[in-house]
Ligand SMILES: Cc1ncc(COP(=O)(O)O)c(C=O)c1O
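First, one chain by itself in structure tokens, the form predicted on its own.
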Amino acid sequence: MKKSPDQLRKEILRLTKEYSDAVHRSLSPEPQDFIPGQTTIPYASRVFDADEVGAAVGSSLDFWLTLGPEGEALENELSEFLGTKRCLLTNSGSSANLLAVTALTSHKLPAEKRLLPGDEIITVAAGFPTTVAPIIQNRAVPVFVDSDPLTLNARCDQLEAAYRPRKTKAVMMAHTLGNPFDLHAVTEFCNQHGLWLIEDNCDALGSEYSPPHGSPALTGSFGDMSTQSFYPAHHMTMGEGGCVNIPRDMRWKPLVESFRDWGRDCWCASGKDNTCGKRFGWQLGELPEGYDHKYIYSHLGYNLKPLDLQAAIGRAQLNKLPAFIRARRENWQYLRAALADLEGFFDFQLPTHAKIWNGKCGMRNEECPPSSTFSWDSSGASCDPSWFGFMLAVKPAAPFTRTELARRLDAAKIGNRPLFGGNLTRQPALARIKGEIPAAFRVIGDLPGADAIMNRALFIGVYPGLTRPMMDYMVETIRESVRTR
């Protein structure tokens, strides 16, 4: 008897689950599968099961290749999770950063607010280069403030020194390793001077920030725009992928979409025509009246959309995101408690607004709210990071260096990374640009904090795929590195 398409689909997906359970189990090992010194412990990795594999196969059966119904559903679900008006999917977090900055250049913005060549955007010196690259790619000038070596975020006391009337147009910086930057200080500064704020939220999906006398809200919902990355190392994955979040002002939607979708003026979704009701009723630029609106371009844009198949994977991941966030917090607390007696050798990262860590409940295998494990400063603000990694900054007086520790961890098959590009102004690309064009960027002070992070800090993983035997081995390896010096 011939099977119907619906029956065939159900059979394919049943076999897909069976295949995934048989083949991919090794990617999510049970505690007993871990062999210390032989099993690699990544600093970050994808965590998935048959749900994601089935979503990918199901989408491929529909063969809607470009962004479509799965993408629209994921955009709606992400905006609901974050508490934003809209989320617009892109093919990477780096593309999301590029689109957010490029949207500031649109001729459709008020002239005094538009980002023009030579205008400035304040950012932070230590971090990942694609937070800064779009500023230079849009012929603007990044202005680097220093980084705090304990929070890894911007020194907000330098914001006023970085500001130049009529030249500074925006602030763009990341929530480093999931730790929210001082959103209270930064948003007040931006409001005072009429600046745009772009939050690079790529490492911080699920982090919470509580302003003084305000309710907690997720990072990515405070700025004019924010960005996400869904690369496998991040909090959830689409393989490659990212998005631009629009918290409040929907004027950004057509601008970001235009730059994402070739620069076109039309806002019809893929496969749809005449959403505006006057497809042949426009006269723009020097085109003839009635020229097809689907082929009118108001910006010089890109093609930075993801595939609908990727969005299907993202929807399955989003269902797991609350558990992923909870695991990251629990793993961070577990490592912090287990390494608490090594404070003579390491500086450990502190959440923004925290003064000291004073809790050890992570050793009791329970989630510890920050209110019980940190003492907070007098600002009235606090935060609850959705941690991307666990920082170890080797103290200057320690009998070993960051590089020696990194080599020891690497030899033990424990993944570790420096804080991305370290002091970005010392990277070859920026050093070369500065040599060729001295005014390409400005620096506030000598950036000693960013240098300290570059020279002393590395981070290890807290991602949800880590097991307790893995973390115990990480702790013991770090302890052994201290003992043998």
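Quick caveat, the model's predicted, so the values are computed rather than measured. All residue numbers refer to positions in the sequence shown, first residue = 1.
This protein has a second form, the form predicted in complex with the named molecule, left out of what is shown; the following refers to that one.
J.: Evaluate A174 for contact with the named molecule in the predicted complex, applying a 4.5 angstroms cut-off between non-hydrogen atoms, and reply yes or no.
T.: Yes, A174 is a contact residue.
J.: Just checking whether A103 would be counted as a contact of the named molecule in the predicted complex - the rule being heavy atoms within 4.5 angstroms.
T.: Answer no; every heavy atom of A103 is more than 4.5 Å from the named molecule in the predicted complex.
J.: Looking in the predicted complex, any heavy atom of H234 within 4.5 Å of the named molecule?
T.: Judged by the heavy-atom cut-off of 4.5 Å, H234 is in contact with the named molecule in the predicted complex.
J.: If we define contact as a non-hydrogen atom of the residue within 4.5 angstroms of the partner, is L89 a contact of the named molecule in the predicted complex?
T.: Residue-level check for L89: no, no contact with the named molecule.
J.: Which pick from G220, G93, G314, P385 sits with a heavy atom within 4.5 Å of the named molecule in the predicted complex?
T.: Going through each option in turn, the one that passes is G93.
J.: Only one of S258, T84, Q310, T130 gets a heavy atom within 4.5 Å of the named molecule in the predicted complex. Which one?
T.: If I apply the 4.5 Å criterion carefully, the residue I get is T130.
J.: Just one of 405 to 413, 248 to 256, 282 to 290, 94 to 102 has heavy atoms within 4.5 Å of the named molecule in the predicted complex; which?
T.: Among the candidates, contact is made by 94 to 102.
J.: Would the named molecule in the predicted complex be within 4.5 angstroms of a non-hydrogen atom of every residue among D148, N153 and D182?
T.: No, the whole trio is out of contact, none within 4.5 Å by any heavy atom.
J.: So which bits of 237 to 271 sit within 4.5 Å of the named molecule in the predicted complex, heavy atoms only?
T.: Result: G241 alone.
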